[in-house]
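As structure tokens, one chain now follows by itself in the form predicted alone.
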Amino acid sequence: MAYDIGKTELINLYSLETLKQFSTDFLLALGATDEEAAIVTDGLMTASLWWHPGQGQGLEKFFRFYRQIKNGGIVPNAPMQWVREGPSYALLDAAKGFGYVSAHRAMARAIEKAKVTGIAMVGVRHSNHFGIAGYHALHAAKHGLIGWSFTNAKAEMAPWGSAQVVLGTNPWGIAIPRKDTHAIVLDMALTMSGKGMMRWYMNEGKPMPDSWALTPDGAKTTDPAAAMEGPLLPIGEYKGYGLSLITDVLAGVMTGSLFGLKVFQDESHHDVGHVMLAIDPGAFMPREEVDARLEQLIAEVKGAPPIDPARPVILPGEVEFKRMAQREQDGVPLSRETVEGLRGLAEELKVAFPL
């Protein structure tokens, strides 16, 4: 089954189970352990169910994994170590392992500690791209805790008032559990968009919003090709720049990872830093009271009359969970270009290719 999402980008749909099996087999062939393959596959499937293919957060990540494992940037079965630890904090040295795995282990430790102390913060150093931030935050929400995850990233944003890139998109994920329904999940980069979506607009021959990025000389533009080498613009103008700076302080400077102009530059040594927080809402008042107050707030928010009746007010994450349900039923989209690239890697690794 195939459909178009644009002028040039033909998309095929594949069952979730088919993609899970291929992902697992592919990761094992790259040298991942069973645990690593399971964690990374779960993260990639969540990304594939949530996001637009142009954002490159699904199986498109396999091309980077392949290159980085070949050049030593990712070490399967990495000897990760807990280097600092206290009742409500810890620091994990990821030893160049999979970012999804180090972040998963860090959030698991934060959850464990927060259930005892009420709140816990766990840092990760010497890691790699950890996928989508909301995935790790949701890990805590599934245990009844508020989860907050963030990471530093490659310099693509300029400090406010400059056109020279220094800071990353530095994404955040925050998940707030609700009783008997989906969590509220805020998953966002601190830039208006990313280079992946700009590239998709460029391939489609479409103009992008002029709030996404600047040309290298600092001019606004709607031409994604003209802005590919320029800086991405932050959310909320100077406010997003400030949030990105603080994120790099916490995830980069404070953990001992690279930061600013050096992090994520060399594929053989990305040295990314992450931070995971878990918060027990029941530490402040009985959980039943928290849940009731939360639902009251949500009712007020959702009850706000929409400007456009066809577009009612929604909660963060609501679109993604709806998209997830649809794709679980209809299939997960992959571009023909991605499929053909994966076919070549599968042949090289002697992995069965069901796509």
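Residue numbers run from 1 along the displayed sequence. Keep in mind that this is a model prediction, so the values were computed, not measured. Just so we're on the same page, rigid core means the largest C-alpha set that superposes within 1.5 Å between forms.
Although it is not shown, the form predicted together with a further copy of the same chain is what the next lines describe.
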Based on heavy atom distances of at most 4.5 Å to a further copy of the same chain in the model of the complex, which listed stretch, 102-110, 135-143, 200-208, 164-172, is the contact stretch? 164-172
Wondering, does residue 283 line up within 4.5 Å of a further copy of the same chain in the model of the complex on heavy atoms? yes
I'd like to know if residue 118 sits close to a further copy of the same chain in the model of the complex, meaning any non-hydrogen atom pair within 4.5 angstroms. yes
Quick one: does residue 78 come within 4.5 Å of a further copy of the same chain in the model of the complex, counting heavy atoms only? no
Classify residue 128 as contacting or not contacting a further copy of the same chain in the model of the complex by the rule of any non-hydrogen atom within 4.5 angstroms, answering yes or no. no
Are all three residues 122, 239 and 261 in contact with a further copy of the same chain in the model of the complex, where contact means a non-hydrogen atom within 4.5 Å? yes
Sole residue of 28, 294, 69, 38 within 4.5 Å of a further copy of the same chain in the model of the complex, by heavy atom: 294
Looking in the model of the complex, the residues of 239-265 with a heavy atom no more than 4.5 Å from a further copy of the same chain, listed in order, are 239, 241, 242, 243, 245, 246, 248, 249, 250, 252, 253, 254, 255, 256, 257, 259, 260, 261, 262
Did residue 115 shift 2 Å or more between this form and the one not shown, C-alpha, core superposed: no
For residue 262, is the CA shift between this form and the one not shown at least 2 Å following rigid-core superposition? no
Core aligned, does the CA of residue 143 move at least 2 Å between this form and the one not shown? no
